[in-house]
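Let's start with one chain on its own, the form predicted alone, as structure tokens.
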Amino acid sequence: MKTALVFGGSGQIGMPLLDRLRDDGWRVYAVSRAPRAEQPGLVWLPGDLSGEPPGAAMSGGALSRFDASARQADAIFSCGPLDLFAQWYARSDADAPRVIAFGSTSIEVKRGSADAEERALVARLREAERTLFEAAAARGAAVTVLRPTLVYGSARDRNLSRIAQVAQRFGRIVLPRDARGLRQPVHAHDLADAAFRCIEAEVAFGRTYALPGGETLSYRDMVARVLAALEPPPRLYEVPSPVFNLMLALAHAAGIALDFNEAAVARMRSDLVFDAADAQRDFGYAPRGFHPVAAMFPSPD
């Protein structure tokens, strides 16, 4: 029986990945901050990547199980922060022959951003990828890094779900009229499927792949589809950019949407489009079109 160690197993990509692995007969060890009940073929190990390495706070049998799974896993998956995983992997003695980790297309999208925090994020992602590939090469492991676009589908993302929450709270969403930049939202289950499909794809060893969704549409139309999926559907208003900027400044003054900065507004007008051809050719990546339903977003409560 093949064994997998999964970080971020309780997240929006991790949960469907656990199902795919177990359905295929894998024995799965998943790392979680909160205690979780074991299930057939699935063992939850307490730990996280935020400070001490996973396993540092364990004792007795739990620690032994973590050490054993880290050393003996046939594959290790990271569905959480890439920088923290890369740091753990570099200092661990894990010798799994296959490592698959999720990064982000932010490494390209936010390169050269006017926002210092976004530039720092790009630097962390680049350093994480470099660290991961170097550490894997030193121990003869094959790494693949997957870079998704806008993730949705489990009501836990920080982009479309946030838009849905704001729209349901106020009954409306306001956008600048020129919010026509192209987007490719990708469903979390399609990402889990991609990670599973590329396990045995030798051509994917040592490579990175962009994973966009199966449909390209404008930012405005993407938001409109989210609103249409909600009940009742909130209204979409489009205003001139100067008016939108003034409204955003007033919101910031009131302590609202403080993390929605000028760089984010500028990206509404930019095409953030990626080519899925390599992933389609190398491991059969086949993402769905963007057809959201209410269950994919948080409830109004």
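Source: prediction; values computed, not measured. The numbering used is simple: start at 1 and walk along the sequence shown.
Just so it is clear, the following notes concern the form predicted in complex with a small molecule, a form of the same protein that is not shown.
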Check: Looking at the small molecule in the predicted bound form, is some heavy atom of each of S10, C79 and G103 within 4.5 Å of it?
Finding: yes
Notebook entry, point to check: Using 4.5 Å between non-hydrogen atoms, is N159 touching the small molecule in the predicted bound form?
Noted result: yes
Margin query: My question is simply whether S32 lines the interface with the small molecule in the predicted bound form - judged by any non-hydrogen atom within 4.5 Å.
Written below: yes
Check: Are any of the heavy atoms in P185 no more than 4.5 Å from a heavy atom of the small molecule in the predicted bound form?
Finding: no
Checklist line | Close approach of P212 to the small molecule in the predicted bound form, 4.5 Å, heavy atom | finding: no
Notebook entry, point to check: Which residue among A195, V151, V223, A136 has a heavy atom within 4.5 angstroms of the small molecule in the predicted bound form?
Noted result: V151
Next item on the list: Would you mind picking the one in R235, R36, H252, R269 that has a heavy atom within 4.5 Å of the small molecule in the predicted bound form?
Entry: R36
Notebook entry, point to check: Which one, 256-264, 269-277, 40-48, 236-244, holds residues whose non-hydrogen atoms are within 4.5 Å of the small molecule in the predicted bound form?
Noted result: 40-48
